[in-house]
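First comes one chain, alone, set out as structure tokens in the form predicted alone.
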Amino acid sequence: MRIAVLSGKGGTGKTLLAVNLAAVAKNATYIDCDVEEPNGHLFFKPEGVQEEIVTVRVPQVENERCNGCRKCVEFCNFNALAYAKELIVFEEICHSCGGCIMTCPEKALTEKERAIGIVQKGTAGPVRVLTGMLNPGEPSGVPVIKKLLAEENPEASKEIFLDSPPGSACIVMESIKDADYCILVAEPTIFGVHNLNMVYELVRLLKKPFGVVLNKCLAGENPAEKFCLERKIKILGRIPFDQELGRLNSNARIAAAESEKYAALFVDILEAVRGEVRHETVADS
């Protein structure tokens, strides 16, 4: 079972939830798809870490073959090629489609590998920890996420928790495309509702079953809760605004491993998610 955890922006508690759910699930895999700013490994502190470089293929020019016909330049919709006395390749904006190479009548273009990030694999007790890290300045983390998900072994863990990037862009869609269930994390503010609506629209577009966890809950009105009730969205659980929880999280400690109170809280949320997944499975059969 693949469970993706999403939020409309950073700082809502997405990693807090994903890490603690993986911890209480025991036989689980945690995959940090937030490749621009991964921090789940700081909590798990995995051992036996193996690292693999992620590369993409980009064109390189053999200038002695190029006759300046510019057919490759005209083909590229991403403006990754230009001709000014000789052919210039802007590797950072190349989408690695290979079309320019196929278009060149002089066979002046070949391919080379360009490193854009790394994937790390390790273990933290019974939890497998996979982390993607995109090199600074790279325009897209999609290739790193694809590599991460290719490393996933469904037979190794009963449950797989995908810590998605914040927002609703292409890298988020890539990280949740094969998810069985999505958890949306929301803050109790008007701005939190705006961000919740972003991922709400995304999971509906992708036809993914989902529920919401309300984080930083206080007494009184909760705009995010009101949003869910008005749309009959399943509320899977509520995480209180709690100084002790905040302190543990800011110190990269897994709250469920430090306190029976928090362990019970995240177990309840996990059981609610499992119940929703079972319900979806029965409904589809």
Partner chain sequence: MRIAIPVEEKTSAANVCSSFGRTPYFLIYDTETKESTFLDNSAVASAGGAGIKAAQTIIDNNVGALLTPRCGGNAAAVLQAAEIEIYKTTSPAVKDNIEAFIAGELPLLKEFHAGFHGRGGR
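Predicted model, so just to flag it, every value in this text is computed and none were measured. Positions refer to the first chain, counted from 1.
Missing here is the form predicted in complex with its partner chain; even so, the following discussion is about that form.
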Can we say Pro240, Ala272 and Arg278 each have a non-hydrogen atom within 4.5 Å of its partner chain in the predicted complex?
no
Taking heavy atoms and a 4.5 Å cut-off, does Gly125 contact its partner chain in the predicted complex?
no
Against its partner chain in the predicted complex, would Thr110 count as a contact residue? Criterion: heavy atoms within 4.5 Å.
no
Does Pro105 reach its partner chain in the predicted complex, with heavy atoms at most 4.5 Å apart?
no
Against its partner chain in the predicted complex, would Lys85 count as a contact residue? Criterion: heavy atoms within 4.5 Å.
yes
If we take heavy atoms and a 4.5 Å cut-off, which stretch out of 214 to 222, 66 to 74, 53 to 61, 227 to 235 is in contact with its partner chain in the predicted complex?
66 to 74
Using heavy atoms only and a 4.5 Å cut-off, determine which of Ile176, Val193, Val129, Leu81 is in contact with its partner chain in the predicted complex.
Leu81
Let me know the one among Ile93, Ile101, Ile118, Leu206 whose heavy atoms come within 4.5 Å of its partner chain in the predicted complex, would you?
Ile93
